[in-house]
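In structure tokens, the next block holds one chain alone, the form predicted on its own.
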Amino acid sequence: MKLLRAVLILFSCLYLGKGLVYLSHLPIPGSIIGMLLLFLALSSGLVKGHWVSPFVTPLLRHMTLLFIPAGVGLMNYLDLISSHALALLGTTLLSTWLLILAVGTWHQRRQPHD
């Protein structure tokens, strides 16, 4: 019964997100909106973490297996990736640097001043 409740919560968030994207024509995938809805529900306490853990914990334990299809799919585009390798590398380094800067700045502002 706990597993069924966890599956229903997760799939409800997923399909609610897909429905919102379908109705609003947002250029964001419905699964992302569904994850945001689940995050908001968990953060607000509307959904308890232990309600979804029976379904989520095994998925998280084997998450690396879920990246294999995406990794194999990238093999089909090696020519495209190699032709734009410099731009991809530059973008990755710049975005990583900006993220570290943003998180560091945010964290320093949250710390109480001595």
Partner chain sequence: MIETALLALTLALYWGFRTLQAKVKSPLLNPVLLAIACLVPLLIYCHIPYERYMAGGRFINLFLEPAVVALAYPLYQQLALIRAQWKALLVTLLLGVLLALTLTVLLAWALGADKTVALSLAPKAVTTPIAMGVSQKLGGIAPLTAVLVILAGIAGAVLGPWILDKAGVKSPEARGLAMGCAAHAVGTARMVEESPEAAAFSSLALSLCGILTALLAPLLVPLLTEWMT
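Heads up, when I say rigid core I mean the largest set of C-alphas that superpose within 1.5 Å between the two forms. Numbering follows the first chain given and starts at 1. All of these numbers come straight from a predicted model, not from anything done at the bench.
What follows is about the form predicted together with its partner chain, which we do not show.
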_Contact label in the predicted bound form: residue 99 to its partner chain, heavy atom within 4.5 Å_ = yes
*asked:* Although the partner isn't part of this model, could you tell me whether residue 23 comes within 4.5 Å of its partner chain in the predicted bound form, counting any heavy atom of the residue?
replied: no
*Within a 4.5 Å heavy atom cut-off, is residue 107 in contact with its partner chain in the predicted bound form?*
yes
*Would residue 16 count as touching its partner chain in the predicted bound form under a 4.5 Å heavy atom rule?*
no
*At a 4.5 angstroms cut-off on non-hydrogen atoms, which residues of 72-109 are near its partner chain in the predicted bound form? List them in order.*
72, 73, 74, 75, 76, 77, 78, 80, 81, 84, 86, 87, 88, 89, 90, 91, 92, 93, 94, 95, 96, 97, 98, 99, 100, 101, 102, 103, 104, 105, 106, 107, 108
*When you overlay the rigid core, is the Cα of residue 50 off by 2 Å or more between this form and the one not shown?*
no
*Just checking, between this form and the one not shown and with the core aligned, does residue 40 shift 2 Å or more at the CA?*
no
*Take the rigid core as the frame of reference and indicate whether the C-alpha of residue 11 shifts by 2 Å or more between this form and the one not shown.*
no
